[in-house]
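Shown below, as structure tokens, is a lone chain in the form predicted on its own; questions about how it binds or moves come after it.
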Amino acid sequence: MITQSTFGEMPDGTVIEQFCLTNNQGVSLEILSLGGIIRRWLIPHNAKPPTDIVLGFDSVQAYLSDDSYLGALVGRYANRIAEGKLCLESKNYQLDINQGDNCLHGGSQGFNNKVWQSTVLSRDENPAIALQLESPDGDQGFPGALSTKVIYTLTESNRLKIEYFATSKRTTVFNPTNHSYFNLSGHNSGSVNNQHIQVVASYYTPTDAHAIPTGELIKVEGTPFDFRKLSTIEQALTSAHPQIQYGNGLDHNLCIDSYDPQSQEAKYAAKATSENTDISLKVYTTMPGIQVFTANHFDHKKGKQDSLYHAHQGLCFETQFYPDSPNQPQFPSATLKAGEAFYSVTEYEVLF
């Protein structure tokens, strides 16, 4: 089932639509035409009120004024590109700089701030919507007029399937993701420190103090990034490892073991669990990396229902190409050649 309502308006009067997708198991998601934002994700369990497992806001203005990308589609390039510098086919491009010296999540006016054209694809079983966006040549400095589409499908097996499609009229780079902050104990329940995560990744990409990868692939064994077995988030956050100290927590790309550049089938990559609610989340993807981020910079951020979000109150699983891959030729390539079709898929499965 899908219901549609008005969430609010942009400063220019453009109406922001909210779509509520509900499956036959009682799981529901609220998705906005602004930024493709996942605003609420309600899980029914134990005959209690549903648990909302994603952080978010209650107004359009709160989303527009925030710099944390809560629940949003981000692009054209998720994560960071060093100094916003890009070279494609022997031509240099300067991208928008919006975090320190870097281009983050596609620039200051990235996908998260755009109103997407929305279409309902299925209202009954496996409800689905499509969101489409035209990004002009030179948008935030990126070359090529880009046509992109994202399909959200809530399956009857409690998976949110997110499919990404794109074509560009000029060779460019493309690296989309969804930036939901999960808290499986509930969005307003406090720290995620005691929740457990698993990431099937034997290597990670260490960064410099500006969160730009050094270019190395380092084994996770013996580091705070070894999540190959279920481990508490707190074990990593309390580490004295310099990589943890750089960002006051986890904000690192892990290299997914199952990555196959020829495959269009999402494969198991990660898991999170909460003992407080007995809710678990599994992540499947076709992408080579997953950025694990623990909301390290939150400080009395006012969220939904007058909640206050603090550092380490949410957990992101951002499936992606590695950060700064346009400047790291040894990394999997995010280059999208003119006229070629991009496709990736990530699925988030909820168990309760």
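In this text, residue numbers run from 1 along the sequence as written. For clarity, every value in this text was computed on a predicted model and none was experimentally measured.
There is also a form predicted together with alpha-L-fucopyranose; it is not shown, and the following applies to it.
By the criterion of a heavy atom within 4.5 Å, Arg80 is counted among the residues contacting alpha-L-fucopyranose in the predicted complex. The closest non-hydrogen atom of Asp58 lies beyond 4.5 Å of alpha-L-fucopyranose in the predicted complex.
Put simply, Tyr322 is far from alpha-L-fucopyranose in the predicted complex: not one heavy atom of it is within 4.5 Å. Of the heavy atoms in Asp96, none are within 4.5 Å of alpha-L-fucopyranose in the predicted complex. Stretch 65 to 73 is the contacting one of 280 to 288, 307 to 315, 33 to 41, 65 to 73, since its residues have non-hydrogen atoms within 4.5 Å of alpha-L-fucopyranose in the predicted complex.
Against alpha-L-fucopyranose in the predicted complex, the set His105, Tyr181 and Asp251 is in full contact: each member has a heavy atom within 4.5 Å.
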